[in-house]
Structures are given as C-alpha cells and as structure tokens.
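Before any questions on binding or motion, here is one chain by itself as structure tokens, the form predicted on its own.
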Amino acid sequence: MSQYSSAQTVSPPPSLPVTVITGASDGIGAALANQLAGRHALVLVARRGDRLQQLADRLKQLGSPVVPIVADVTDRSQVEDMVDTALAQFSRLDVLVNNVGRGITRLPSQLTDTDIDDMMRVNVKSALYGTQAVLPHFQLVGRGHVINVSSMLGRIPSVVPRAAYSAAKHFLNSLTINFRDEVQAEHPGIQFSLVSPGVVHTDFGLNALHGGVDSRVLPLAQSADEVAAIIAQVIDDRRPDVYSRQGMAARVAAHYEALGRDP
C-alpha cells in the first residue's frame, strides 16, 4: 500500500493544476518538483521515504501544496492507490510525469531473462500502470497530460552494454505514441508527450543493474535542472515529442538516414 503524510485533504486553489511526479526523491524528478513548486499542487512519489519527505517539507515551506507518497510504481496496485490518493487529496489530477527508470550494464550476448524482465518492469510497466490508472479520470474530464521520460538511447541504441535499456525505452516510445493515437481519437484534449534526455548529471549510471559508470563524469552531460526545465515547458506547451538539447532531433534523423541509404 502507498503511504502519505496526512489523512486530511490538502485542497489547492481551484486554478492550480495537480501534477504527479514519480521517481521524485532525487535527480530529474526532484528538480522538476522544485521548478513546479508554487505553480502546481504536487504529488511526489518514490520508494525512498526519507528523501521524499525532506523534499516535500521544504516545498511546503515555500507555500506549495504537496502530498508525498511512498510507493513502488512497478506494482500495479500501488500505482492505482497513488492515483486514488491524489484524487482524494486534491479532487483533480492534471499531469502525470512517468519519470522512473533504470539502466543496465551487460552486453546483449550475455543478457538473461531476469535482466530483460527488470528493464521492462522498471522502464515500461511503471509508465504503463500509471497511464492506465490516470486515464479514466482524464477521459471523464476530457483533458489531461501524460509525460513519459524516455532517453536518447531509445532513439539511437549507441551504447552496447545498455542494449536492454535502449530496447525498453524504444518500447516506451512506441507505447506512448500508440496511446496518443488511441485516446485522441475520442479525447483530443488528452496529450501524451515524450521527453528524451541524453546523459544527465544524476546517480543513474551508478544505480544501473550490474553497476555502471558515474553519469557525472561522462562528456556532454546535462544537469537535472536543465532537463527538468524542458519537462516544465512541455507541461505548459503540451508538445508531443521533445529532446532535452538542441541538435538531438537532427542527430536522430541523420542516424536513420545513414542506415537507410542505398549502397
């Protein structure tokens, strides 16, 4: 079961949108919470309750309505509880940011069933569960926004030991687009967006399955604040497909153009 700090309803001003952020205790999720504070009512979700509570307490001191929920978003029932709690607390839900993800360090020839299952569970199923849980409310009110945080490796699988992670993010990209096509046929006010960062200064590399290189030492890494600023813009402008840095879309196009050239 999910846990939250208070059984009392925390009602935001009527015009304040309610945004749920998963993976909110650190990295991009925490940076996004900081950027949205004061402009959104926030439901912050993560497994690390101590860090989550510290962030929530600080944002509350800034006057932002915040509900922290300790939950494992790879468990469908806990995700459903998360959405129920958000609606019980605020009586509305406007944006879901599926930000949970995990990398891997293992060559494709050595991948096990467990490796693949872990990548799919964390990077795909967490987003699937969240999207399916919020969708009935979005359909009821005719509007809503799901933002899935993907990766450049989901576009260009250029790091061999990250093969299973790249595949999972590619799955997430396809799933997001197909959700958009299905739902917008009857509910055009519901948007599904993808945000694709490159390397980010977080603990992502260190937390990879089977270990990994610290992302902070890799070249051309962006700060979590930079990526969070892009996601905050996407919340406002509702663009469907966004990269975290200029030039990334052209790089992807050039990659696939080169693959498709005649000999």
Ligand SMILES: NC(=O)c1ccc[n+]([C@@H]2O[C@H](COP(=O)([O-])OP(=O)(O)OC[C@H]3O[C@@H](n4cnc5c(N)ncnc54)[C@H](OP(=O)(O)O)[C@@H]3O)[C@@H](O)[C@H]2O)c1
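Residue indices: 1-based, along the sequence shown. Model, not experiment: these values are computed from the prediction.
Unshown form predicted in complex with the named molecule; subsequent notes refer to it.
For Gln233, no non-hydrogen atom is located within 4.5 Å of the named molecule in the model of the complex, even though that partner is not displayed. Taking the partner from the other structure, the named molecule in the model of the complex has no heavy atom within 4.5 Å of any heavy atom of Val67. The named molecule in the model of the complex is not approached by Val20, whose heavy atoms all lie more than 4.5 angstroms from it. In the model of the complex, the named molecule stays beyond 4.5 Å of every heavy atom belonging to Ala41.
Scanning Val100, Ile104, Val83, Val95 against the named molecule in the model of the complex with a 4.5 Å heavy atom cut-off leaves one residue, Val100. Proximity to the named molecule in the model of the complex, defined as a heavy atom within 4.5 Å, holds among Ser150, Gln89, Ser166, Thr176 only for Ser150. Stretch-level contact analysis of 45-53, 58-66, 234-242, 32-40 against the named molecule in the model of the complex, using heavy atoms and a 4.5 Å limit, identifies 45-53. Residues Pro197, Gly198, Val199, Val200, Thr202, Asp203, Phe204, Asn207 are the members of 191-211 with a non-hydrogen atom no more than 4.5 angstroms from the named molecule in the model of the complex.
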